[in-house]
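Take a look at this single chain, the form predicted on its own, given in structure tokens.
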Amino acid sequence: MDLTFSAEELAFRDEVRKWLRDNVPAEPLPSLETERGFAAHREWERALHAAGLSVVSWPIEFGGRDASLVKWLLFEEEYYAAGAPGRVGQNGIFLLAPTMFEHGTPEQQRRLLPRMASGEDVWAQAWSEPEAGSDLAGIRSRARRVPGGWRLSGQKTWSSRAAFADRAFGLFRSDPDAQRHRGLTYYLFPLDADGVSVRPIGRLDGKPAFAEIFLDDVFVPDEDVLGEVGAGWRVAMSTAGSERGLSLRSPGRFLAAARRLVESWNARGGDPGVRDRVVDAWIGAQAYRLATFETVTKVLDGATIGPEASLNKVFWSELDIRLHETALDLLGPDAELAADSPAAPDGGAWADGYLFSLAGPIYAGTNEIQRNVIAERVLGLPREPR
């Protein structure tokens, strides 16, 4: 692993830094979990795309810059350091797109990726079901073969931003007689199709973008099957690897939060009561950065990301909680104020960040599941009795 950046990489970083300095909104956008905020963030995605910065690591033909993974990491560090808006298109850009590059047909890539890059299509992830969250192989939603395509029926839940998204991707059981991990197929479908109903799930904070999706005999043409019919588990594991590993949670996010925490600690005279926790959070963010560069080095040398992505997921999700808990203890009761309160430090970012961090050990496969993966598939320990 070599952390000496080339002149080209440094020039790219300077370009990104300048554009963000000139274009990041002076005031935070409304929450992307609301209809108004969702629209504002979609406009931000379009601005990024116009500047050639929405999907820098993608091939040029799909709206990217053909940037290396190292450049992508530098972009992410600059993005979060600038306090730029959250990415409303992240489900598509960071989860579906890597899967589509690996398993999609050239026609699917040409048809869907440019619209994803420009913010024209925002995607929701339709995986979890009422009785199948982390146990993804237990899904019951069905796909029935018909001339020219498939009919989807069932219920998906806990779909982030599905209330306002345009399309969704999900697993369905296309062979009810096959074993749990077989007979699954990965489908792409529009959320305004006949037979699709989207029902927002009430949240404690009142933001409505979280939703469940009901499908009643929804037609999906053959060209919207991603990967081979019956091989959906393998395709889904490609998406899960991105969700748990490199793509979704780049270290830039934690570096920026740790830097703000250290600044807040210094601004309050260096409270010795939380000093060690502040230092631990900063070290954790740096360690995650170095581990990510090590992973990138392996990928550039031809390796693939396997079950070790679960190590990543457990680490960043627990780091996120510790970091935000330390900030709340340091800043006191005001840090728990919502973003619409003028007394909230950092525009309420710590309160929002803390609430979001609590979901980290649950989504992308619970940390209990990830520890099983680590034990059985990374360490080679005996399988848990099932």
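All residue numbers refer to positions in the sequence shown, first residue = 1. Note that the structure is predicted; figures quoted are calculated from it, not measured.
Form predicted together with a small molecule: not shown, discussed below.
Partner proximity in the predicted bound form, defined as non-hydrogen atoms within 4.5 angstroms of the small molecule, places exactly one of 55-63, 38-46, 333-341, 354-362 at the interface: 354-362. Within 4.5 Å of any heavy atom of the small molecule in the predicted bound form lies no heavy atom of residue 141.
Using a 4.5 angstroms threshold between heavy atoms, residue 2 stays clear of the small molecule in the predicted bound form. When the small molecule is considered in the predicted bound form, residue 368 lines it closely, a heavy atom lying within 4.5 Å. The closest non-hydrogen atom of residue 91 lies within 4.5 Å of the small molecule in the predicted bound form. Interface residue among 125, 174, 312, 238, judged by heavy atoms within 4.5 Å of the small molecule in the predicted bound form: 125. With the partner omitted here, the residue from 153, 157, 295, 250 that has a non-hydrogen atom within 4.5 angstroms of the small molecule in the predicted bound form is 157.
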